[in-house]
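So here's one chain in two forms, each on its own in structure tokens, numbered structure 1 and structure 2.
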Structure 1
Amino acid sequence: MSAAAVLRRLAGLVMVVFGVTIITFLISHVIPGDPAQMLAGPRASAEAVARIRTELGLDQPVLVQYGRYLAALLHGDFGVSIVTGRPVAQDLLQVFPATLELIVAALAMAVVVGVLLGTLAAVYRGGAIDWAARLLASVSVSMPAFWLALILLLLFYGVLDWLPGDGRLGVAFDPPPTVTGFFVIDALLAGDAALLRDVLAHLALPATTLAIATVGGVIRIVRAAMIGVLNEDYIRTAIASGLRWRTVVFNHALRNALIPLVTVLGLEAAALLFGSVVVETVFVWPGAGSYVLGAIFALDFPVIMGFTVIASLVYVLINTGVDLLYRVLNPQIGEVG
């Protein structure tokens, strides 16, 4: 991979981040009417509104306002929440680890199950396992995640009562000392087995919901890639030279079939970022999704835009990383894009 390709990618990254801030700026400063009036409240006097407008710089030209907005963002200043009165960046930092833990757990489950099923479906193409895997994949991409969340809640909390249905932690427990912000890892580091069990039990339903919603995409791409790879000459050669079927599939073929998966996982991250909002509300998961949804109904625009900027940044960074990784994994495409 040439340095020029990396530079081009990073330039693209800067462009996209720039674009996100233009969009969030337009949404928060231009669309919702008069922010000064909103902040001052419906009964404020004209002078009070005018004072707030001057204080916020809303009487300046739009370009100047955007420049200030961008400069503030670059300094990590996402504004102040209208509801809590606290800096948005501080609030978001506190709730994002819970959301990331959920997304990472869901991705891990989806990848393990999806790769296994996708591979088996390709190897036994047309057989029962292929049909089952393809059916699961179709259902997975067609099912509303918010509905699946309710059904899992009904089954495993309501009917069977095997798992807790809300929050990150039982009332009997205190959160583990914060190291990573991921309760699973922090509980492990604290060496508290009872706490770890409780954390995992709370994580199970929301993470499984998101995993089921994601696994379809994984199965589809792994199956398609695996079918392509199994057609290659070097696979035929490996089999003809007497290697065991299992060795060929898992050591030779899978390694190459996994390359396209990397790209799909990058794209799935967008669905997961939104999915977490929906799933967090059902399971009362105290993450960024619950936080931003509360903000939406309070018309707390600094919070909504802060979340959008951070989520977009996370998404764009993941995909740039994926793209660079892709070029390392598959040197053939390195110079094309």
Structure 2
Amino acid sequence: MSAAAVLRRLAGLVMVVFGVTIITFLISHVIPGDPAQMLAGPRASAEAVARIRTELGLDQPVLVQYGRYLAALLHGDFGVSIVTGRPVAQDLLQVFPATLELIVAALAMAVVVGVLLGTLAAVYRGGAIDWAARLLASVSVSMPAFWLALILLLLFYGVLDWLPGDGRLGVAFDPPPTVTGFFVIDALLAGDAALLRDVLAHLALPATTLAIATVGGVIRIVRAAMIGVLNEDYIRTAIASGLRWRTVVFNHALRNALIPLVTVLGLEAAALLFGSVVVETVFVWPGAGSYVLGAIFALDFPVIMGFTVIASLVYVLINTGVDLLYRVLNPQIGEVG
């Protein structure tokens, strides 16, 4: 891909993020509620509320407020949480590792299961495996994540009592020394097997919930791509040359069929950042999702706006990166002007 095309993509990225800042700022002024009143408290006097409004710059024209808001964002300042009284950026840095660990675990599970089932469904097209894979894909894309989370919680925690139902760590354990922020990796680095087992047990249900909600798209993409690749002439040539069927499928066909999956994984990873809100709430997972949901109920506008901007930025960056990577993997795709 040419440098000019990359620059066009980056310019588009900047415009999208700029548009997101405008939307989040306008929404914060449309939603009923007075941040100054909430920050001062329900029993604060009118003078105290007016003073806070002046300190926050809420008494200034909207354009001036937006200019200050945008200038603060460019310096990494997302404001101060009304609920915690701490900088929003500081709070988000504390809770994002838990969300990222959950998303990475869910994607890993979805990719392994989805690629395997999608491949088998294409190879044994029209058979029982194909039917079962398509059924799972249909259930996956149509089942609400919160309902699935409640079912898994009821079954594996409430009925079978096999897995813990809430939190990121049991009360008998202290968090591992922070190295990456991912408890699984940090527990491994600490060499604490008991802690690692507890971390994995707490991660199992929420990660499985998100993985099931994601695996349907992976199965469909891999199955469709594999069916197309298996009908290519070079596959027939490889079979005619005497190569083992397993070698042809996994070493030749699957390698090319996985290229479209790159796009899907980018979209799914970005979508999981928003979709994890409900799952984290059900399993009391201390990540960005549950943190922001609490802010929504409290009308904590700085947190809501900060998370929206960051999540949108991550979404755009992932999709732009996937698009560029896809064109590198498949140079035959023409550049979009």
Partner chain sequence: MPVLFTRNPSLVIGGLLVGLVLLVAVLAPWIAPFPPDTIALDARLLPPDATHWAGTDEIGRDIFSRILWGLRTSLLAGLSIVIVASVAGTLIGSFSGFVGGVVDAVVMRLMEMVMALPGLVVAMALTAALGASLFNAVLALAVLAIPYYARVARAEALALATRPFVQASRVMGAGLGRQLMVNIVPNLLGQVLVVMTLQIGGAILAVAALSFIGLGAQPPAVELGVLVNTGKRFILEQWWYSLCPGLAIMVTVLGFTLLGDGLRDQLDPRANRRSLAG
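Definition used throughout: the rigid core is the maximal C-alpha set that superposes within 1.5 Å between two forms. When a residue number appears, read it as a position in the sequence of structure 1, where counting begins at 1. Because the structure is a prediction, the values reported are computed rather than measured.
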Look at both copies of the chain and name the one that is the form predicted in complex with its partner chain.
1
Core-superposed C-alpha of residue 296 shifting 2 Å or more between structure 1 and structure 2:
no
Compare the position of the CA of residue 65 between structure 1 and structure 2 after a rigid core fit and state whether the shift reaches 2 Å.
yes
Following rigid core alignment, is the displacement of the residue 49 C-alpha between structure 1 and structure 2 equal to or greater than 2 angstroms?
yes
